[in-house]
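Taking the form predicted alone, here's one chain by itself in structure tokens.
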Amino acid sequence: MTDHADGLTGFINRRLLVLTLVSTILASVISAIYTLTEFNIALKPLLIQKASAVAEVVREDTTLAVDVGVPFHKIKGMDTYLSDTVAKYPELTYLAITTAQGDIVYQGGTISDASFQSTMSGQQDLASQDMLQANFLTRLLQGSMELVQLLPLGDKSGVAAENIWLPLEHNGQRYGAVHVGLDTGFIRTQLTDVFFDIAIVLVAVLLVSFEVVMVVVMFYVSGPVQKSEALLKRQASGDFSVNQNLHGSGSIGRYIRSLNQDSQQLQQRFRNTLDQISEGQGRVISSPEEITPTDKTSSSPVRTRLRKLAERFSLMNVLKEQHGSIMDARIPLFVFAFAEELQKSFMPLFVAEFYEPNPWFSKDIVMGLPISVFMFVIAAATPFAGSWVDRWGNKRLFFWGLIPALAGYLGCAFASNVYDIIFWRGVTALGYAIITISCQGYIAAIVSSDNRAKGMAIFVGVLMTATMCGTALGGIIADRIGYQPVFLLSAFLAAFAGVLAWMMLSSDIDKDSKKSDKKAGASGGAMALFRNTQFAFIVLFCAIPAKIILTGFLYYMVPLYLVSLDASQSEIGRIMMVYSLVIIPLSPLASRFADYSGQMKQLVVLGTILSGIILISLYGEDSVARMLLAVALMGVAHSILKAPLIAAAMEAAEATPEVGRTTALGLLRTSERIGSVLGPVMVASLLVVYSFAEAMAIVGTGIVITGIVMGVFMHLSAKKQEATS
């Protein structure tokens, strides 16, 4: 968390984080088990009640036919009637009408001999009713034992249906029975969905807890302790400088102010002594240099010793504390990015609900337009980042960005057609671009040149964590309450992020901190960089293809593909979450390996080619499992690619010394946004003609070719350098 990992600050940080995370894990696991147990206990009686109601309706219809004189064995259309009834209810496996001896006369659905056992429906739910009356601990222990058998970890072979039956009687004589098969696999399926939803929530809770705990600990515990530790070390080394604008609250804050006040009193006594010595000179001494008179012949040993004393113990030195930390922007950025990512898992499906045929665009292209417009607006706003920060400052810019962001979310929540959605997503993108720019500028203004990479890594890490949590939870929420209410939730979270920014972002950040290459956005700088063939090849053949895959494959095609396989919205969110879940732990490892090996460009080429191969592997049989594997492997490929891509681009940009690093980084980011815009449009255009698998195979082939071209160019460049050297 901090650079002072070995002192008291590191001691407190480690233990607080471990204690909080362990407590969160235990509480979440117990809550998850109890929720699943309660769901299992409550579900079965409700299903039995529903099955009994269906059996009652069939019995009434059959009894009516027999009472009006239709022979029991000659009721026409009964098989079709039973089959249609079974098709309406996924929790039923069969409906059957038998004779009093148990011989099947009519049936709908599939009947298994092992499951066709006559049991009275009233006996089905006694155990569950007893469990509902038990105490919390009993339900938790007994229910968890049953969950082991029902969850997808167990053996699914031999799944049978529980039989519920009602007698058929005429004039007091029983002549048959109506049987309903309740699918026990349906209970398992429902529990499986709830299990994975709870697991997703558990992971999200842990990540959010980590973010919140880290910031709270830094603000209220380790931050003040670190300040007091630094102050004590400074005073122990003989430095009694006074901090002019020291802030702090709580007991640690009071302790810091007390130490600072001791330095103030010491400096005041020293100044009083100087005043007595300088009383006859008619002047005020404000610095150690003024203690010694300019006339060397009149200098006294006392003044010389006082000057040395002031310099040694900093008795006239005043410090001005810089307020602001990287952690200030962490939580507001996380909450806002989380709000934005809630829609990622269902955006194409949301647009499809409002689609109406038009002569300009096909349905596939229209479904990808909101994503492309969103990325285009961000790409258009990025070059203006520096001037916006200079004009308004980072904190103020955050609140300017909230206006279009909130308007965009509310506009989508009340949209009535596709064009409303496209327009308001563009408005939201402007707010997203402004807010992320303000947070990135805030962090850049705080970090020094030697830890700038670490600061930007925190920025990227927060966005990736928010992406993972928001994408998965957005799918779960949309599956429960619908698409448009999710936008209202996003608006609420964005407003809450604004409240957090007001409380946490400091207005004291130096707004005059200018980048060495402030004029980086000039067209001449861009042209000079693109004349740099290495930089141009990295951008065109690696950076842009990576973003095409991200938006075209992950954000656009994956939801549509999974819907075509009858996956639920929750399943779509879970599968898309795997991408970020893989990148979060692997990206730092890949970054360390890239720094250690120095093979930046080789890793970029490897990641690009691997991404294309993964897309090609989707060609063939459609399968949810295959898509899940492809998303996970894409996370691995992009973990390899993301870490060294920026470093390779910056290394290539060094061959153009007249263009600064900020210009190169800004141009790289803008180019990546172009890829983000092209991704959905390219895939949608291919889907007009080809299937999902064929479209991905075509895109994957193109990505592999770009990677090979980049590899060949690198090989030829290396040979050329060897020949010239």
Partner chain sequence: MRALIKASIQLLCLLPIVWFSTAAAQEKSFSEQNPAKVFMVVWRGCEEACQGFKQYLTEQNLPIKVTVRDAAKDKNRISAFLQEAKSLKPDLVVTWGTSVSKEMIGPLNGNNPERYLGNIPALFMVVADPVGAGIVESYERSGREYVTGVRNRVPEEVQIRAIKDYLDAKKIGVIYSTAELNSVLNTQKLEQLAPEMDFELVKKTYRLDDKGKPLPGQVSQLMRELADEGAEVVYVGSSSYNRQIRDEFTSAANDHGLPVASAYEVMVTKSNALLSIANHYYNVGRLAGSQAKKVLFNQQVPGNLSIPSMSRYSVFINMAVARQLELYPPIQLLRFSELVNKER
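Take the two forms, find the largest set of C-alpha atoms that superpose within 1.5 Å, and that set is the rigid core. As the structure is a computational prediction, the values presented were derived from the model and not from experiment. Numbering follows the first chain given and starts at 1.
Just so you know, the form predicted together with its partner chain exists too; it's not on screen, but the next bit is about it.
Note on contacts: among R312, K74, R592, R531, the single residue with a heavy atom within 4.5 Å of its partner chain in the model of the complex is K74. The partner is absent here; in the model of the complex, the one residue of R305, H170, R391, R480 having a heavy atom within 4.5 Å of its partner chain is H170.
In the model of the complex, at least one heavy atom of Y81 sits within 4.5 Å of its partner chain. Its partner chain in the model of the complex comes within 4.5 Å of a heavy atom belonging to V57. Using a 4.5 angstroms threshold between heavy atoms, E694 stays clear of its partner chain in the model of the complex. Proximity of E658 to its partner chain in the model of the complex falls outside the 4.5 Å heavy atom cutoff. Looking at 683-691, 62-70, 45-53, 22-30, the stretch with residues near its partner chain in the model of the complex, meaning non-hydrogen atoms within 4.5 angstroms, turns out to be 62-70.
Taking its partner chain as it sits in the model of the complex, the stretch 346-363 comes within 4.5 angstroms of it through a non-hydrogen atom at just one residue, W360. The rigid-core alignment places the CA of Y175 2 Å or more apart between the shown form and the other one. Relative to the superposed core, V70 undergoes a Cα shift of 2 Å or more between the shown form and the other one. After superposition on the rigid core, displacement of the C-alpha of V54 between the shown form and the other one amounts to 2 Å or more.
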